[in-house]
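Next up: the same protein chain in two forms, each one alone, written as C-alpha cells (structure 1, then structure 2).
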Structure 1
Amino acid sequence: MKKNSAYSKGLWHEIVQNRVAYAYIAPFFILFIVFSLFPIVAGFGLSFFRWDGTSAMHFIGIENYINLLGDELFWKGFQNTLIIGIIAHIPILLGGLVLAYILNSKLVKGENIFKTIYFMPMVTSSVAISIIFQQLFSYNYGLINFFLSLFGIPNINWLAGDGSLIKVAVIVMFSWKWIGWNMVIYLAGMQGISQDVYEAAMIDGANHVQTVFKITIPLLKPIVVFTLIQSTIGMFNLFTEPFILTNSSWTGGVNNGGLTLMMYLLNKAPQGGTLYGYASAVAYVITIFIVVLSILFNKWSQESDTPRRRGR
C-alpha cells in the first residue's frame, strides 16, 4: 500500500494508464458478478418465496425452511450423505496418508507405477465408473459377490434389498476414486519435508508409526485440511454415483437408501418438480453445512503450533 491518496489527482491518471490491466481482469469480475454473485444473492431471496418458475411468486417467509427441517426425506438424505462422507473419509485420509508415506519412504521401488495406477480413477467419468460398479455389485452375477462366495459368504443384495447397503457401494466407489488423489497430494507435500527430519527421528529411535503421527501428519496439516475441505464439498455434492447405481432413481432407490442431499435438492427443482423456492432453501442449508465445516477445519488447522513449513 505504498500509494496513498496523497495525490488523488494522479490516481485517475494511474487508472487510465493501467487500463489494460483492468481489461485483463475484467472477464473474471463480470462473469463472477453475473453468473455467481447474482444467483447466490437471488437464491437467498428466492428461498423465502413459493415459486413454480412461471406464475407469480408468493412471499412465505421462512416457511420453506420450516417445511424442509420437518421433512423426513431431507433428514434421510442428510443422514445418508453424512454416513457416506464420514466412513469414506477413513480410507481416503488414512489410506492416502499411509500409501503416500510408504511410497515416499524409499522402502519400495516402482513408486511411479503405483502412483499412476492409484490415480487412474481420477481421470475417468463418474457415470462410467458407476455403471461398472453397478455390475460389480450385482446381486446374482457380480464379481464382488463371487469373491465373497469364495469365503462361503452367501450373495448379498447390495443395490436393492432393504436399501441400506447402497451406501456401502457408494462408499467403496467414493474411496476407490479419491484415495489416489489424496495420496498424490500428500506425497507432493511429503517430498517438501526435509529428509533430515526423518533421519533425526530415526536416530532418536522413532519407529515408522511414530514418525507418521509425530512428524509427517503435523507437518502436513495444512495440506490435510485442504484435502479435507475438498472432499467435504465433494461429499455434499455427491449425486452422480448413487443416482446411476440406483438406475437414475431420483429418490435414491429402495427405502431412499441412496438418497443424498444434492439428489434431494435437484429433485425438488429443476429435475423432478418445480419447487424453485423450496429448492433454493435446500441449497442454502447445504451451503451452510459446507461453510461451517470449512471454518471448523480451518480453525483446527490454525490451532496448535504453527507448522514449520507451509505448502512448498
Structure 2
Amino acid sequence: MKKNSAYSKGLWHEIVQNRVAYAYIAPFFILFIVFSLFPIVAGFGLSFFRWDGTSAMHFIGIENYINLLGDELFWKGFQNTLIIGIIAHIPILLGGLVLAYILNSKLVKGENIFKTIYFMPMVTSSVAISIIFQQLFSYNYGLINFFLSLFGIPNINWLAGDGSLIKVAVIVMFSWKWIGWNMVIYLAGMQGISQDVYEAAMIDGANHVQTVFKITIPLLKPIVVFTLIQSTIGMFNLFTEPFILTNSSWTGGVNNGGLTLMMYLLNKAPQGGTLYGYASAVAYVITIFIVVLSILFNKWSQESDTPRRRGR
C-alpha cells in the first residue's frame, strides 16, 4: 500500500510539475474521450440491449449476436463482401505495384501528373463516381455493352438479371478507386530504397527481374501489408458503390447480389430500420473481422521475414 501511495504521489507530482505540457495535450485527449472512446464503449454496451431509439432499453444479453449469426441475409452480405474484396485485391495490389514501378523507373515523363491522375479517384465523390459507373454498366445505353456489341456479344444485364453480375461492377469500381492509393504509397516506398542496394545487386550479377523479386518486393513487404489492411477496412466499409449501382436498394438488388455487410448494418439502423442494438452487434462483429484479418496479415508478414533474417 505504501509503495502504491508513493507511486501515486510521484505521478501527481510529475503532472503538477509538467502541467503546462499536459495542458497543451489535454484538448486532444478530451476530444478523443468524448467523440471516440465514449461512442466505442457506448456502442458495445448498446449491442446487449433491444432499443428502437425512442422507447425504453431492454437488456437481452447476447441475443443480438445469436440472432445475427443465424441470419442468412447477414451471411449473404458477408459472402458478397469477401468475394468482392478478395477478387478486387488482385488488381489493387498488382496494379498498384506495376504503376508505381513504371513511375519509379522513369520510363514515363510527367511523374507528378500521373500520380495526380491515379490518385484522383480517392478524392472524388463516391456518389458521383457510382452514378457514372451505373451509366457505364447500363443495359441499354451503357458504354461497356456498346463495346461488347462491337465483337458480336449481346447486351449483358450487369445490374439486374439474376443479380450475380452486380458484384462484377462493384469489383471494377472498388479496384479502380484503390489502385491509385496503393500506387502512391508503393511509389513512396520504392523511392525510399537506397540505390546502393541495387548497385550492389548489379555488381553481384543480378538481372532486372531478380532485383524486383529479391530486393524491391521484399523491402516493400511492410508497406504492402499496410495497404492490404487499409483496403481490407475499405472492403468491410463498402456501401456507397453497391447502394447506388443497385438503385438505392438496401437489400443489394436482385437476389441480394450487391448486398455488403455495411449495407446490411445500415439497413437495420439508422437508415432502414430502428434496431439500434442489433446494428451495434453487427458493427462489432465487423470490427472483429477486421481485427482478426489485420492480425493475420501482420503475423504472415513477420513469419515470412523470419527465415530471411535467419539466413543472414
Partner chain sequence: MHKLTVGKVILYIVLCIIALVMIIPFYMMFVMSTLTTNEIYTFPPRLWFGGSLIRNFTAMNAQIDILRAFGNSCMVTISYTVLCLLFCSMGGYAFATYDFPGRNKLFGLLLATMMIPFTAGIIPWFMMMSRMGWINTYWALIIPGCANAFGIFWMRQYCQNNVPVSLREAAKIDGCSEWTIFFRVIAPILIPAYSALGIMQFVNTWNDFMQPLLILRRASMQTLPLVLKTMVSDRGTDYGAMMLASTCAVLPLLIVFLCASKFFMSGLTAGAVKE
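Since the structure is predicted, the reported quantities are computational estimates derived from the model, not experimental observations. We call the rigid core whatever largest set of C-alpha positions still superposes within 1.5 Å between the two forms. For numbering, take structure 1's sequence and count from 1.
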Inset, instruction - Look at both copies of the chain and name the one that is the form predicted alone. - result: 2
Inset, instruction - With both forms fitted on the core, give yes or no for whether the Cα of residue 21 moves by 2 angstroms or more between the two structures. - result: yes
Legend entry - Threshold 2 Å Cα movement between the two structures at residue 221, rigid core reference: no
Inset, instruction - For residue 113, decide whether the Cα shift between the two structures is 2 Å or greater, given a superposition on the rigid core. - result: yes
Legend entry - Core superposition result - C-alpha of residue 197, shift between the two structures, Å: 3.0
